[in-house]
Every structure is written in C-alpha cells, then in structure tokens.
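The chain that follows stands alone, in the form predicted on its own, written as structure tokens.
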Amino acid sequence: MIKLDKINKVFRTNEIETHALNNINLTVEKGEFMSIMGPSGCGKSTLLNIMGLLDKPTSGTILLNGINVEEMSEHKTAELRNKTLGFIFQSFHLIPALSIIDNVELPLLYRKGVSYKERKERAVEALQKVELTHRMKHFPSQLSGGQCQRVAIARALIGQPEILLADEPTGNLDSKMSEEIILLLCEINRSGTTIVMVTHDIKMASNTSRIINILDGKIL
C-alpha cells in the first residue's frame, strides 16, 4: 500500500545540515500492523509524516496504492491524503471549543458530497467503535486522556481510511489506558485497516505484526 524507494530527508539551516532520513527503502503491505521503533530524534516521526504525505522527502519516491505522489498537484495530494489516510497523534489535537461529535466530524467537512445527515451518522458510528457515544455531547476538557485518544481514533476512522498512521498514540497515557488503546488498534487492524505506528514502547510494539527499528535515520 505504501512503497518508499531511496527516501532521504535533509533539514538545512544557515549553518547546519541534518540528515533525518538516509536511503530508506520500505514497503507496507495491505492489512499489516507495523510498528516503527528507535531512540528520540532518530527519524521515526519524520518517516511517518512522509508516509502520510504531511511532509516531502528531499529525494526519493513515494508510491501510495501504486500512485507516484511526486507527480500529483498539491490539491490532488491533499484529496488522496483525506480519502486514504487517517492520523492519530500523541497530543490528541482535539478542538476544546467543539463537542466530541463535532471534533469527530471534522475530516468529513473537507469531503465533497457528504451531507450533514451522513456526517452525523458516520460520526455516531465511529464513536460506537470506540465505545464513546454516551459522551458525544461532552467537550474534550470533560474527558480523561484515554477517552480523548479514543475520540482522536474515532476522528481518524470516520473517513474510512485504508491506512491509519499513529504517532506515539499511547505516549501521554498511563499503562492501563495504553493497553486499552493498543487493544482497540489491534481490533481495528483485524477489521482490515492497515496500521503504521511509531512507538518507543516495546510492549506496545510486541502487539504488532512487524517491527522496524531505526537509528540515525537508517533502518537497522
């Protein structure tokens, strides 16, 4: 589903050149649950952002479902990202002023042809999957950290993505809540969604079907 060929990423300032990724070759197969591990600053999140079309490599080729992303316009890339990919972040990124159901609906606001009624129905369906329909009228400040992450997962699922990208999804949670989240992700994966997860926790990674280790921007 994702194929990275000779991916390099260099960050430059006036005085410093940092090689975040060095000649990365990686294929993510349909239905996989892959985890990416490595020490802080090794390039894990940079790699995930490039997979998710949130950042561009300095050089190399990205194929998403066989499509060469390099040859697409910014608009077409954004459309592909919205339809194909779902994102979960460590910090939840919920909007405090919006109710839980309104937060979950957000990705569909950018989808053409999705009516208000369908948006609401799909938001409720996504919240059912994470067992939070009873809190849908609440606000993020009224939920626990684990519940906020479940809302973030529901928001990622509402677009029915083929691929879910998770960046340290349990990083801000205690061990009990972390276990609940990883079990939920495993269930989502069993339903057919491909998942790539960045984590520093070997216990979390041990639940996935493949572990990729990165050091100094290179796959070990």
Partner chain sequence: MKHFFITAYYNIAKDKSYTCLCLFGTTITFIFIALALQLMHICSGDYPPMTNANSIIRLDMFKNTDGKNIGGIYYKEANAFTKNLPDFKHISLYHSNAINALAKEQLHNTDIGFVNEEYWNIYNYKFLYGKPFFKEDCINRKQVAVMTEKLSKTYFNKSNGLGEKFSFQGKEYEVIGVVKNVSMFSTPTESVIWVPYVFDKFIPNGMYKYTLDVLTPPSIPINAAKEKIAVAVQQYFNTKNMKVDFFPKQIKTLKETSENNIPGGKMFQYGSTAALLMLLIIPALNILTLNSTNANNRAKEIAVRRAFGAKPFSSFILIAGENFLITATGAITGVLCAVPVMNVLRKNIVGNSAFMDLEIIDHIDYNVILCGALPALIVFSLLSGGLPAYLITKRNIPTVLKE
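Numbering follows the first chain given and starts at 1. Because the structure is predicted, anything quoted here is derived from the model rather than measured.
What follows is about the form predicted together with the partner chain, which we do not show.
Remark: Lys117 does not count among the residues lining the partner chain in the predicted bound form, judged by a heavy atom distance of 4.5 Å or less. Within 4.5 Å of some heavy atom of the partner chain in the predicted bound form lies at least one heavy atom of His93. Shown alone here, Val28 lies farther than 4.5 Å from the partner chain in the predicted bound form, counting heavy atoms only. Using a 4.5 angstroms threshold between heavy atoms, Asp102 counts as touching the partner chain in the predicted bound form. Picking from 151-159, 172-180, 63-71, 185-193 the stretch near the partner chain in the predicted bound form, with a 4.5 Å limit on heavy atoms, gives 151-159. Along 46-67, residues Asn49, Leu54, Asp55 each place a heavy atom within 4.5 Å of the partner chain in the predicted bound form.
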